[in-house]
Ligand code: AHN
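Okay, so here's just one chain, in structure tokens, the form predicted on its own.
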Amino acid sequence: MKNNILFFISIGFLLACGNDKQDAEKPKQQQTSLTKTTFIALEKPEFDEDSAYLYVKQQVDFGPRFPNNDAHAVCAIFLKEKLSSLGFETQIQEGKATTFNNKNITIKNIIGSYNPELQKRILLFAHWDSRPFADHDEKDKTKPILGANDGASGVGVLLEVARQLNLSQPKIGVDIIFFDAEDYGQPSSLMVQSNSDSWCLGSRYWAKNPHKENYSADFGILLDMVGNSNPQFTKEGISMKYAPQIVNKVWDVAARLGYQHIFVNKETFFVGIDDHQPINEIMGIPSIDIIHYEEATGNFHSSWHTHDDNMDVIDKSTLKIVGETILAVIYQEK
């Protein structure tokens, strides 16, 4: 996940004005409907937080997972086989990319499709690679991190979501993609001009080379850093720019599950470039980001891009809240 202060400060005012105008132009009937459904409780779907936690741990146990290293290669096979065992049609999409420091890497996007023959589809995604250096740590900055929260948590939640879908068998299509090379971006500490295109290499590659010709989905949901204790998921800027209707849909479902204190009804523009941006801008699929952002500190969790991003920061209850919300959104679709 890339933190990009200048970008979001510059568009913050524009987005705020745009959303005000958009809200003003919404039909009154639609606004009333959303208000009426907000406080109608939903039954919480089955989601096993112990299973999700295990999926996170299994990734971390491989060690740091960045392109071209041994742990990365083994973990890619594990993720593909796991999705396959859960009833998904799976593949590993390989592509070539060059990093900000001129390293040639092989991208491996792990793609799973449930009910691949159905036209109505939802896209769920997370990045599975971990940061190859700890640029926000006080020591060992050049050594790779485990990425338990920043990477593995979103993947762990989606694997448990996949397991539950295999049991409940909804009558819609669901695609789960674990994008690679999201976190190989240029450190902000380098005394050079920021290169935003150095981030999200896997999702950029897929958006230009989708796994299926003419692929489309009704909407997409990205999970990034969804494993810390006491999280706060705000309505972030890129999501509100491209897919405010999907943000409101998901936050409404979360509120109906009783999680309005976690999915807070507040917009924040400073979150950063993430995998949902190329999905919106290149693929044209309205997609949102569920990401832990601490407004009080103006940053992500204190373990972000440090060696403290290990299993000690993973909270099972947070995995459960996010997983139940995602499943409830899916089950609401017809």
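When you see a residue number, it is the position in the sequence shown, counting from 1. Please read all numbers here as calculations on a predicted model, not as lab measurements.
Keep in mind that the form predicted in complex with this ligand is not shown, yet the notes after this line are about it.
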{"item": "Any non-hydrogen atom of residue 305 within 4.5 angstroms of this ligand in the predicted bound form", "value": "yes"}
{"item": "Residue 199: touches this ligand in the predicted bound form, heavy atom cutoff 4.5 angstroms", "value": "yes"}
{"item": "Non-hydrogen atom contact residue 160 with this ligand in the predicted bound form at 4.5 angstroms", "value": "no"}
{"item": "Touches this ligand in the predicted bound form: residue 175 (any heavy atom, 4.5 Å)", "value": "no"}
{"item": "One stretch from 82-90, 213-221, 243-251, 180-188 that, in the predicted bound form, holds residues within 4.5 Å of this ligand by heavy atom", "value": "180-188"}
{"item": "Sole residue of 66, 53, 300, 47 within 4.5 Å of this ligand in the predicted bound form, by heavy atom", "value": "300"}
